[in-house]
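Just one chain follows, in the form predicted on its own, and it is written as structure tokens.
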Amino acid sequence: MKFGILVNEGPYQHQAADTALNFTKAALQKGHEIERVFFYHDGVNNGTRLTTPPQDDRNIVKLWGELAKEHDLDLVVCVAAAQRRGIVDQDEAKRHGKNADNIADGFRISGLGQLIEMGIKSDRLMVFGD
């Protein structure tokens, strides 16, 4: 089965990001395919490299990046939601006159078309968070 994963909550405000990560890992272990993981609303906060949790806490941004690298996952952060929350890649930073980017390794910024495409190409769309 091919899953699309939609994450709507940030990494430390709600359990949705952890649940989405655990579901994605379990699906991959069972041999399922992940079409894409799309981060929307506050979920875009899963894609900032500036997250610095305490040493005894999980680093969910890093965990997403490692999972993406290991399984060649497409982690997409919604551009509009990201801009509202101060998350930019090099291109967006340049376009908006910012002097730095903060997108985490393994993530990329794109538009809602990627969400629509994911829904079309997936057998099931799993939504985590409101």
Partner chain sequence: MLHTINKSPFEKNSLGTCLRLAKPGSDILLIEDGVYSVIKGSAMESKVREATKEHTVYALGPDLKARGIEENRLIEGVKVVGYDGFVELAADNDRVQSWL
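All of these numbers come straight from a predicted model, not from anything done at the bench. Positions refer to the first chain, counted from 1.
Separately, the form predicted together with the partner chain exists; it is not shown, and the next lines address it.
Asks: Just one of 94, 32, 58, 69 has a heavy atom within 4.5 angstroms of the partner chain in the model of the complex, so which one?
Replies: By the 4.5 Å heavy-atom cutoff, the listed residue in contact is 32.
Asks: Of 27, 63, 88, 104, which residue is found within 4.5 angstroms of the partner chain in the model of the complex when only non-hydrogen atoms are counted?
Replies: Partner contact (heavy atom, 4.5 Å) among the options: 27.
Asks: Can any non-hydrogen atom of residue 23 be found within 4.5 angstroms of the partner chain in the model of the complex?
Replies: Residue-level check for residue 23: yes, a contact with the partner chain.
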